[in-house]
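Quick heads-up: it's one chain on its own, the form predicted on its own, in structure tokens.
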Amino acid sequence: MRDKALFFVLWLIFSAICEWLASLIGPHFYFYVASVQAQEGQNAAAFILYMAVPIFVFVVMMLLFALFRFRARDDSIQPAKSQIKINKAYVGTWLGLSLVFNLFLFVHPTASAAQAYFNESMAYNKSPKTLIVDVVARQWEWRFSYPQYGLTQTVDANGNDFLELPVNTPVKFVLNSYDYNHYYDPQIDVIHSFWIPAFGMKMDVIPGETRTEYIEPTKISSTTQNQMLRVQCAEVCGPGHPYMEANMAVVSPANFAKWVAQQKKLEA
């Protein structure tokens, strides 16, 4: 009983210390957070970390406590006749709590986060304020168009494909993968993956299938200011895969309106 009490006290102390350390790490799982969805993902990851810390400490302490507390200090102690002892109550409790813990994490934050994203997507899809951006992935390029503004391909000053979004505005990305240079079949290409690291989400882009992703940017920035704010392919799609990226920017609504006007002049 004395050993159990000592173990319990030490477990509480070290768990508190490790939880404090986890609180310093948890809010910074993602290198750069620039959307509502990325913040939700970071919160979910931090929650799992906080829940796992006491279990991790318990397992490590069990190994170390048994190693030091019950070690043989001299040769007078003879090996026990039986080297295996099973505590059925302990095993049953451990399995039962493990099952409960895993089911709990499945419900929250896994299922609850999925439901929250679904609700956000439905709300964004119905909102007249949602910006629609058509994204085409091809070997090895991203192309962006804005059907609400009649823009068929947006580019920067150097003529490179460019994505620009207004801050605090819901965005619906409509994702397709095809290579229009294959005139015999416009749906011939490979699977790509649409990823903006700062937005905390990835979506596979599959030929012949239209997919959607909903994001709400929360910070004004650009690729030149932070490389986490870039469009990157995250699915190996051929020899040009490492270079399949595009610059982007998140700007104020007023600057976005000016940018749209400039793009219309380029396409006129």
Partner chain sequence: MSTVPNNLVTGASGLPLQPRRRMMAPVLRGVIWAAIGFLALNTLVSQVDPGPLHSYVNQVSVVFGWMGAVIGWVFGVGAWDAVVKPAFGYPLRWKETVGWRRFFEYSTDHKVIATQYMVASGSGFIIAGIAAMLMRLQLMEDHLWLFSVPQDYLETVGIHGTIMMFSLATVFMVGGLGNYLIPMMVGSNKSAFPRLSGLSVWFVPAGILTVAFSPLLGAWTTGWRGYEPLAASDGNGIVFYYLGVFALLLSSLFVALNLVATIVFRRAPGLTWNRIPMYAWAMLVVSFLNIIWIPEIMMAFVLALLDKIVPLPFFTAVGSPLTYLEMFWLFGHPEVYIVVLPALGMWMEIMPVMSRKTLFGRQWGIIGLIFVMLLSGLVWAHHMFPTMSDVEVLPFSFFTEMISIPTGFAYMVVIGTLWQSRMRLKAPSLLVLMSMFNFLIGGLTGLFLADPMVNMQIHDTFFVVGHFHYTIIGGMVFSGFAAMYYYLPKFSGRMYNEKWAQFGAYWMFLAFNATFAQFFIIGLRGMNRWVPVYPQYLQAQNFEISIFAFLLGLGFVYNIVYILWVWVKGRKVESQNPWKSKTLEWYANPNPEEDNFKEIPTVLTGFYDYSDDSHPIAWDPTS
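Rigid core here is just the name for the largest C-alpha set that superposes within 1.5 Å across the two forms. Numbering follows the first chain given and starts at 1. Since the structure is predicted, the reported quantities are computational estimates derived from the model, not experimental observations.
In what follows, reference is made to the form predicted together with its partner chain, a form of this protein that is not presented.
Of the candidates N119, S98, N158, S127, S98 is the one whose heavy atoms come within 4.5 Å of its partner chain in the model of the complex; the others do not. Scanning I132, V167, A113, L151 against its partner chain in the model of the complex with a 4.5 Å heavy atom cut-off leaves one residue, A113. Although the partner is absent here, K4 sits close enough that one of its heavy atoms falls within 4.5 Å of its partner chain in the model of the complex.
When its partner chain is considered in the model of the complex, Y180 lies well away from it, no heavy atom lying within 4.5 Å.
In the model of the complex, at least one heavy atom of V190 sits within 4.5 Å of a heavy atom of its partner chain.
In the model of the complex, at least one heavy atom of Q139 sits within 4.5 Å of a heavy atom of its partner chain.
Counting a residue when any of its non-hydrogen atoms is within 4.5 Å of its partner chain in the model of the complex, the hits in 201 to 237 run M201, K202, M203, D204, I206, P207, G208, E209, R211, Q227, M228, R230, Q232, C233, A234, E235, V236, C237. Core-aligned CA deviation for M62 between this form and the one not shown: 2 Å or greater. In a rigid-core overlay of the protein, A261 has its C-alpha displaced by under 2 Å between this form and the one not shown.
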